[in-house]
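This document opens with one chain alone, in structure tokens, the form predicted on its own.
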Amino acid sequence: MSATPVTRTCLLGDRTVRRVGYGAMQLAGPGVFGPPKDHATALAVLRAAVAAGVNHIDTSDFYGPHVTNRLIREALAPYPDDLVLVTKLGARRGDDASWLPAITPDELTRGVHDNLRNLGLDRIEVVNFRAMFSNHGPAEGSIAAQVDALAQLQQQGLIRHIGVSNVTPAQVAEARAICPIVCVQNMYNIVHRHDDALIDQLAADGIAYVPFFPLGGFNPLQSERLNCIAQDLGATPMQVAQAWLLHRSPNILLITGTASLAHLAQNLAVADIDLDAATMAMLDTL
């Protein structure tokens, strides 16, 4: 028995985007720092993604820093009317490539202006605030000051929509009490399921959920079982993990990144992978 084919599009704010988007992080150098290994290929990947129908690109000015946004502008400006560029704030890069918090209202304001300048935009479609209260996953703590700062920039016309990233359900609720939130970007995958209830709540409210690290946190046994399922489907483990996300909930958007044209084609093909009920059940047991 085949599962119902996944929907191909989803609302992100008031814009309709394809659910398979593109994440620009890997276009920067090693450790997301410095220029790309191959400048021409980086431009080619961006152009190929848009030519294939991708109309949602996730980026940040702290990738590089400044590298991916400048590549996006070089490759794609003037931008297609349907292209939605989403950036994030909340960090800066040290000279040693370290990741440092940048969460004061002044730092967030400077970050918005940096993104606008490097992308060549007058207004950014979506800005995510990425909470940097711990070295890894979400940690409790008020994000009211940061969301309020973005809401003020939104009122000035520099931002259309606001999202949050690396956050807890309590922080999502706090942000939604300040202004409309159009997306939540957290770590989530087949085995890292802590946001199950949050995803369902957001889906009911028409809010997009954008998972990162689709293969993060797997142990060797889980990886081996995923490899076996993927082999039976004639797909790669990454493709199956992404296909599972598309089937998991219609508000999930993918932003898998790559600096390879071949891997880009593999990532875009996941929209055509139909997982039947038996396969979904096997994947759920991971």
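From 1 onward, residues are counted along the sequence shown. Please read all numbers here as calculations on a predicted model, not as lab measurements.
Below, we refer to the form predicted in complex with a small molecule, which is not included among the displayed structures.
Heavy atoms within 4.5 Å of the small molecule in the model of the complex belong, among the stretches 168-176, 211-219, 117-125, 71-79, to residues of 211-219. Looking at Gly23, you'd find a heavy atom of it within 4.5 angstroms of the small molecule in the model of the complex. The small molecule in the model of the complex is approached by Gly257, whose closest heavy atom lies within 4.5 angstroms of it. Contact check for His263: a non-hydrogen atom falls within 4.5 Å of the small molecule in the model of the complex. Residue contact with the small molecule in the model of the complex: Tyr63 places a heavy atom within 4.5 Å of it. Using a 4.5 Å heavy atom cutoff, Arg130, Met238 and Asn267 all lie near the small molecule in the model of the complex. Annotation for the pair Asn219/Asn186: C-alpha atoms approach each other in the model of the complex, by 3 Å or more compared with this form. Relative to this form, the distance between the C-alpha atoms of Phe218 and Leu275 is increased by at least 3 angstroms in the model of the complex.
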